[in-house]
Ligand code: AAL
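Read the single chain below, which is given as structure tokens and is the form predicted on its own.
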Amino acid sequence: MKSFKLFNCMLAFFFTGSLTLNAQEGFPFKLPKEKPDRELSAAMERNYTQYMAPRPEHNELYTQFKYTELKGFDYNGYDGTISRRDPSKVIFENGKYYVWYTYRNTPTKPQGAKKSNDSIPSADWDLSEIWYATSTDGFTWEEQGVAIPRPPKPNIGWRSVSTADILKFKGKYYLYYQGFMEASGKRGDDCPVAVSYADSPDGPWTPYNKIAVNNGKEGEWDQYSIHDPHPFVYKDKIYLYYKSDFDGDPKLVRMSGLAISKNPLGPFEKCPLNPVINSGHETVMFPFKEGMAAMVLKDGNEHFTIQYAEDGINFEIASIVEMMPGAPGPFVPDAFNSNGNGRGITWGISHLSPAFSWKHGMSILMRFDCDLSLDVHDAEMKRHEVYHMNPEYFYKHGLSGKQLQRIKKANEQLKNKNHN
């Protein structure tokens, strides 16, 4: 198609002496809301076919993000000994909101895999438990304590349990999470997905004590890690999305896959098209219209995008966004209702990791708000520019010492070349 358009342009130039495309009128000053009946450049074709509207503010899957400090969480002076990260989806039960998250309270901040032991964590999520908190307004939270403790050795997760997400199915509740059997960092965070179940979001939680989603076979993309289990009820089945990192050290790539089951405890069958998303360090999904939308954060060719798959599998970019929340756990009222009419999201809990600096070795929870909803129309959330007016914001992203040396060397080489 591209070569055909280029041929038309060259042909028009040959016969008329000017670069015209079928001698059509100039593009309208008023941007048409619908795709116009005319030849279009690849960019304008994409503007009408790739996205849900030709202007970002009319695109239901475009938003800005706003952030608010949460009340009710203590971090021991931010000294790195207490950390909260990787929040679950937020659900509303018993007249209040619930969220689960990775909680670490250790004598020291993380020291790396070589210095770690039974009390010293190797990483922010090492030696962790899964805790939960409740709220009546989504801003002030009351910590309820541990939901999933570390089980005794050698059970799944004896070293650490982290990165939980919640599922409600046929009146029961299921928490899926990562179960570590060794200190993180010894081989790229290998750990299987475990699951516990309860009759109430307040527990008590009964561990299944079996692997819920198996690693891939040797040589497959997910042979080592299956992280961030993320379950939904979709098309009357359990759709569990997950992340894996692969392609070798030291620069692993991260992509997302899908496993499907009729039973929350499995067995889960992996989608033959995995990976279904080719980017994203912390990717979160939510039902939208008849399909699934995904917020794709960090890593890969399509990072910082919001994507959509009408079938929950074949995702396409729907918008490009900025300041996306880290490891977002949105409030998804229809996460467990596969009625094919997903309404989207407006807020949730995310983490800042690391918080303040890498030296602190800890993370904090924060609230994000957005307009990715079919029922809310917030013009402030739909602005397509953000101004960072303080120059210090940019200077914090300055050159490294290695980069300065490279530039210095290039300047010297250029001077010597001119001198000679």
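The numbering used is simple: start at 1 and walk along the sequence shown. Since the model is a prediction, treat every value here as computed from it, not as a measurement.
Omitted from view is the form predicted in complex with 3,6-anhydro-alpha-L-galactopyranose, to which the following refers.
Using a 4.5 Å cutoff between non-hydrogen atoms, Trp100 does not count as a contact of 3,6-anhydro-alpha-L-galactopyranose in the predicted complex. Of the heavy atoms in Trp125, some are within 4.5 Å of 3,6-anhydro-alpha-L-galactopyranose in the predicted complex. Shown alone here, Arg85 lies within 4.5 Å of 3,6-anhydro-alpha-L-galactopyranose in the predicted complex, counting heavy atoms only. For Lys109, no non-hydrogen atom is located within 4.5 Å of 3,6-anhydro-alpha-L-galactopyranose in the predicted complex, even though that partner is not displayed. A heavy atom within 4.5 Å of 3,6-anhydro-alpha-L-galactopyranose in the predicted complex is found for exactly one of Lys168, Lys243, Lys270, Arg150: Lys243. Contact with 3,6-anhydro-alpha-L-galactopyranose in the predicted complex, judged by any heavy atom within 4.5 Å, is made by just one of Ser350, Thr163, Ser256, Ser160: Thr163. Figure note: of the listed segments 197-205, 328-336, 275-283, 87-95, the one touching 3,6-anhydro-alpha-L-galactopyranose in the predicted complex, with heavy atoms no more than 4.5 Å away, is 275-283. In this stretch, 379-408, not one residue has a heavy atom within 4.5 Å of 3,6-anhydro-alpha-L-galactopyranose in the predicted complex; the partner itself is omitted from this view.
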